[in-house]
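Below sits a lone chain in structure tokens, taken as the form predicted on its own.
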């Protein structure tokens, strides 16, 4: 072969190989940026998840030097026989239902009512309404402990002054009030986030729809139900799903800080029960069995909500 042709072929081969390497690197490059996030998710989410599934089949007290003992499904049997399980389950459902007005109904109304505010006023109201969301749960708990204190609280003082009650009320030690107070405080924290989500979704609606509806003579109430609510249906379904899946978790901090599940277990929920199994009773297996059971239950709920969202939500594409 002619040396010149051979040299050209060699150069061509090197160029092709270099191009292939460059293409391969360009293909892999985005995934390299994701590697740290994937590693963190695997380490902090999936590894504990797998360990929880494993411990649900073992009996272990976390005492140093002891080894987990395989007991099969005995933890699940023990869980269903536990006297606190059914009350905690009922309370979890009550917390989920009680949070819905604060995560969907009120934020939707507030977002729609304030959507037409001028620039600075809108920013001010958004900042004020979002403040509860960024406050740490401990600070929120201290504020409400002071407001609802049985003898020195502002709320009791006002109720007595206005003649609504004749005696001070121990809101967090009274079975009739403890659960309601937890729902109100958790809802107060949630309302700002939901309002901002609905406000953001409202901003993305094409104003020409409203102009056309006005020309057709549609009033504000009809525009809200026939247009705003329909166009916001994906956000409504999203907030509904978030509220159903996380209402129990959001109330956990206030149960722990304000009532510790009392009085007489009336304010506990399934997440606080898991906490007690693990750190009060040192029963890792029972805690893991509870977590596994509700991982499955909430997974089914999430899939069902996604199905409902695809079926009923309207996407303006």
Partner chain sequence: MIKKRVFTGLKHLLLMLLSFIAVFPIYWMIISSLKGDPEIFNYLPFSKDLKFENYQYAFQAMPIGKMLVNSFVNSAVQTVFQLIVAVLAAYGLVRWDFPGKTILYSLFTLTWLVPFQAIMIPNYVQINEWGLNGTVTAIILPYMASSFACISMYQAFASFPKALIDAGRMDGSGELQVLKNIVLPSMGASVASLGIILFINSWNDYMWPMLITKKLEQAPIQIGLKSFVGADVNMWGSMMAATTVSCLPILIIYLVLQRNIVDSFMKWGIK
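Since this is a predicted model, take the numbers as computed values, not measurements. Numbering follows the first chain given and starts at 1. So that the term is clear: the rigid core is the largest set of C-alpha atoms that superpose within 1.5 Å between two forms.
FYI, the form predicted together with its partner chain isn't displayed, but the following is about it.
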query: Residue 44: touches its partner chain in the model of the complex, heavy atom cutoff 4.5 angstroms; finding: yes
query: Contact label in the model of the complex: residue 215 to its partner chain, heavy atom within 4.5 Å; finding: no
query: Contact of residue 164 with its partner chain in the model of the complex (heavy atom, 4.5 Å); finding: no
query: Close approach of residue 234 to its partner chain in the model of the complex, 4.5 Å, heavy atom; finding: no
query: Candidate stretches 67 to 75, 92 to 100, 175 to 183, 139 to 147, one within 4.5 Å of its partner chain in the model of the complex by heavy atom; finding: 139 to 147
query: Residues of 57 to 73 having any heavy atom within 4.5 Å of its partner chain in the model of the complex, listed in sequence order; finding: 60, 62
query: Core-superposed C-alpha of residue 63 shifting 2 Å or more between this form and the one not shown; finding: no
query: Core fit, then residue 31 C-alpha moves 2 Å or more between this form and the one not shown; finding: yes
